[in-house]
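Heads up, the chain below is alone and in the form predicted alone; it's given as structure tokens.
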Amino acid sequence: MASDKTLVVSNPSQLGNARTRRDFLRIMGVGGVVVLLPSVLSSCNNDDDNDDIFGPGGQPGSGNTVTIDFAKGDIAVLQFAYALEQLEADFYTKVVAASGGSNLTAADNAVMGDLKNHEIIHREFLKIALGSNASFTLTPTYPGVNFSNRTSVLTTARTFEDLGVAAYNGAAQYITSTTNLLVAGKIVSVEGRHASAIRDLINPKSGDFAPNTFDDAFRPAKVAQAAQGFIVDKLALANAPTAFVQGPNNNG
């Protein structure tokens, strides 16, 4: 029987229910387990499973323009997060799909599977929270990434997780709703754990799991520029805020 710190999701639509949203946020805040039944994973993965696990290809930034307008306030910040979660969910889905022919260890694959499920939850949660404002689907591409090679997979995963943490940290200052700020704070705490787990896989039993005293905080334009290298669509920011309060690392 599931404990009070276990959330069982049997259908993607549950993520839009008030009770499930509340439990989801509680679990993210205090620890626990989110259990996705097979029906959820098969439904959520339909858009991610391709015959070519490396994606449809295409040069980064060569496709149609996807514009996130920061004049929309919190909606734009959530759209920005939704774009990044699409990328992460797609990446880990492809890593898991390629695991049978890769040199990742059993322990690596277990972590990759967990991260895949977490990122799918984040993506679907933001999609439902945004409603009609989640009208875009990005096309990822992975130039130079070898999904059968452990080093390539883990270093790319580290890049995504570090970027995700810096993105949420930097964008938090533009959120006006305390509810949205709470959501962002809980998601970034999970992303931070992901980053530590990946770093520990790369260099076990070292201090690399937390290499810096403080995490980075990047302005949206810097995050978009870094993410663009993995997105076929042209990611454009309209009315991007010019003011930015630097984080403790002063590198945003």
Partner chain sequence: MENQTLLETIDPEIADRIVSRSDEISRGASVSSSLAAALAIGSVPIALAALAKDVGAQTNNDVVDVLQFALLLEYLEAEFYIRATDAAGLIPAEDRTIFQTIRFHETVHFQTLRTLISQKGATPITKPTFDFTAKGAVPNPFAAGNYAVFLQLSMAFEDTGVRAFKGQAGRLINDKPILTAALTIHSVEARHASVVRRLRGKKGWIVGNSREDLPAFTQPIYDGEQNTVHAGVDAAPLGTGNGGINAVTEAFDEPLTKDQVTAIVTPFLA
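Residue numbers count along the first chain shown, from 1. All of these numbers come straight from a predicted model, not from anything done at the bench.
There is also a form predicted in complex with its partner chain; it is not shown, and the following applies to it.
Kindly indicate whether L182, G207 and A210 are, all three, within 4.5 angstroms of its partner chain in the model of the complex, using heavy atoms.
-> Yes, the whole trio is in contact, each within 4.5 Å by some heavy atom.
Its partner chain contact at S99 in the model of the complex, heavy atom, 4.5 Å | Judged by the heavy-atom cut-off of 4.5 Å, S99 is well away from its partner chain in the model of the complex.
Contact between Q86 and its partner chain in the model of the complex at 4.5 Å, heavy atoms?
-> Output for Q86 is no: heavy atoms all beyond 4.5 Å of its partner chain.
Can any non-hydrogen atom of A197 be found within 4.5 angstroms of its partner chain in the model of the complex?
-> Yes - in the model of the complex, heavy atoms of A197 and its partner chain come within 4.5 Å of each other.
Considering only heavy atoms, tell me if S189 and its partner chain come within 4.5 Å of each other in the model of the complex.
-> Yes - in the model of the complex, heavy atoms of S189 and its partner chain come within 4.5 Å of each other.
If you look in the model of the complex, which residues in 101-123 sit within 4.5 Å of its partner chain (heavy atoms)?
-> Residues within 4.5 Å: V111, D114, L115, N117, H118, I120, I121, H122.
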